[in-house]
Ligand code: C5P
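Below you will find one chain, with nothing else, as structure tokens; this is the form predicted on its own, and questions on how it binds or moves follow later.
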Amino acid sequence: MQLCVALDLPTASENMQLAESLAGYDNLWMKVGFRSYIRDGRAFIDTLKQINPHFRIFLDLKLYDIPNTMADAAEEIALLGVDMFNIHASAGAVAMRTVMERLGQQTERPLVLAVTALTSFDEAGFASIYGVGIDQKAGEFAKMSYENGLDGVVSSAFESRAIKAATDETFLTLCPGIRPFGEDAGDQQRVATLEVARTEQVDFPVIGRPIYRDPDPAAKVRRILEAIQQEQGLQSR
């Protein structure tokens, strides 16, 4: 597992302060979402890299449009130098292929993940839109993503192992809604601990509020990284 820290604070200065407090940890993933990117733009990403050149950047914009427009946007995202971004699986197979074909023309490209089901959905809310349950549709979206060349999916931790079984063990799962030690779920419907994430073979646990609401975020990240190492040790036995 590789920790992804969600930079979801209300202001750029608060997010920068959080990132600076974590500058001593190499190879952390930093999630830059809608609000941060719309407000702070490319300069925010560039500053994160200045804070620590080893930070990996996940741009969480969930692209969803017609295929050519998504591919145009994907090209521009790749030029930002981010390491990973996502699209909505609901955009469909043609959009997925178009994005990956366009990115394939570059010498280097970011990882591309597809969002299956937002973790804010409960079963009833999801079924009212998609007509089937979360597990079934998440599996269908994951197979579509795998078959069309994406690197992985964004899903609940509880779907991760089934997704890998339906695709490949190297197919990545990035999972929001992680409460590492059982913290309050907030507005997330499907949350999991690090122990669950390890059991479900999650590659990227995304953690936000449990870190930035802690009085000492750096100490909380250290505790999480130690727990991840311990969980990985259990998994390798």
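Residue indices: 1-based, along the sequence shown. Not measured: the values here are computed from a predicted model.
This next part talks about the form predicted together with the ligand, which is not shown.
Visitor: Going by heavy atom distances of 4.5 angstroms or less, which of A73, L118, A162, M144 would be at the interface with the ligand in the model of the complex?
Guide: Partner contact (heavy atom, 4.5 Å) among the options: L118.
Visitor: Can you pick out, from L172, A197, I57, V206, the residue that has a heavy atom within 4.5 Å of the ligand in the model of the complex?
Guide: Only one option qualifies, and that one is V206.
Visitor: Among 64-72, 41-49, 164-172, 207-215, which stretch has residues with heavy atoms no more than 4.5 Å from the ligand in the model of the complex?
Guide: Selected stretch: 207-215.
Visitor: Any chance G92, R97 and D151 all have a heavy atom within 4.5 Å of the ligand in the model of the complex?
Guide: The answer is no; none of G92, R97 and D151 reaches the ligand.
Visitor: Do R35 and the ligand share at least one heavy atom pair within 4.5 Å in the model of the complex?
Guide: Because no heavy atom of R35 falls inside 4.5 Å of the ligand in the model of the complex, the answer is no.
Visitor: Tell me, yes or no, whether A6 is in contact with the ligand in the model of the complex, where a contact means a heavy atom of each within 4.5 Å.
Guide: Within the cut-off, so yes.
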